[in-house]
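Okay, so here's just one chain, in structure tokens, the form predicted on its own.
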């Protein structure tokens, strides 16, 4: 008898799992269930659609023909619960979908506003394709908009709304932007570019409530009593994994669904992948959440291989992301350390918990106008790096961090006052690459 594989979630983790299953179990019955009517699209691309850099059709990485070629049974519906005894899913319309192997790739949703008035028409998030389309429709030239939150998404919202002609107020609860990842100079670099674009930044400003008339947003009231009139309030205070199904089914959860190095949960034949999965790493002895596209894809592949009966261990690579912050290409790699950030109540999209880990480290900074490299050095290797602007050394540094390359030979030179960090890195990288092979 053939095995029934069921995947819940049409994001990159779910699609990667479907592709892997189809390649390794060609005749299998694969059912994919998603309540997102848009199907599979690039969530990181939503910001570029909002700014008008790309049309919405470019958000879809695969054509309809390519998805049809996977020969999936695609069901657009909400899963109400998992019946683990009968090994089936119960949908909202009471249909039952049996499974032999089940993958939960349900992702994460934007954290709800943590102030009164969050239900008003005009309070929005940038979470889905439909969110982005509705936001584009709302963002008319001259419209006043307020953005609250931190991390990558908040700046994407501020820039996107500004690009659509809105007058944007960006409210920061603390003294600077993304305080748990960036240092003070890096925050000021980003803030300065936002201000130069015409985005008005308010520091030490918390929302007391969103104010409306007839159910529609008209203003935000700050804790100081000031009212800022607006028709759009964009909230980006973090994301929370979608855990409802897992919890009611008896799966072990923490911040996400706890999964082992094979992506297995505590319930037989149920796996987890993507933003919802908090995956155990045997090297650190910890289970970590990531909201990164490459990580989600890797989760999906490994989970599918194990579902298909081919044991594969998920080998965590150094968490990295490449993004644009205030128009500056920015690469974030590995452990950067950091304190609490008042603008985020949960992990933001495009982040990794490992970035904020605390390890003994020495900081090396190279500054050139808007170009900046910050290295976090351990005793023998580079633990993390932030590269803003010129990205020439981003891939080499990422590979050195991933390989935990021994930098003992140049460590003292890097830490020396007035060190030419770029020259030292370039020379070391050239020699290391010659010995270990080129970047793949």
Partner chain sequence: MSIDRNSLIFDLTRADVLATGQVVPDPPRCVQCGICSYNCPLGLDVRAYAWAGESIADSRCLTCGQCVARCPRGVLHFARIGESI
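Numbering follows the first chain given and starts at 1. These figures come from a predicted structure and were not determined experimentally.
Beyond the structure shown, there is the form predicted together with the partner chain, which is absent from this document and is the topic of what follows.
Output flag, 112, 134 and 346 jointly within 4.5 Å of the partner chain in the predicted complex, heavy atom basis: No residue of the spot touches the partner chain in the predicted complex.
Which one of 415, 409, 54, 403 is close to the partner chain in the predicted complex, taking close to mean a heavy atom within 4.5 Å? Checked against the cut-off, the match is 54.
Considering 165, 282, 250, 294, which brings a non-hydrogen atom within 4.5 Å of the partner chain in the predicted complex? Here the answer is residue option 294.
Taking 4.5 angstroms as the cut-off for heavy atoms, does residue 12 touch the partner chain in the predicted complex? Residue-level check for residue 12: yes, a contact with the partner chain.
Please run the contact check for residue 305 against the partner chain in the predicted complex: heavy atoms, 4.5 angstroms, yes or no? Residue 305: no contact with the partner chain in the predicted complex.
Give a yes/no on whether residue 394 approaches the partner chain to within 4.5 Å in the predicted complex, heavy atoms considered. The answer is yes: residue 394 has a heavy atom within 4.5 Å of the partner chain.
Would residue 58 count as a contact of the partner chain in the predicted complex, using a 4.5 angstroms cut-off between non-hydrogen atoms? Yes, residue 58 is a contact residue.
Of 294 to 302, 308 to 316, 168 to 176, 201 to 209, which is the one stretch near the partner chain in the predicted complex, taking non-hydrogen atoms within 4.5 angstroms as near? That would be 294 to 302.
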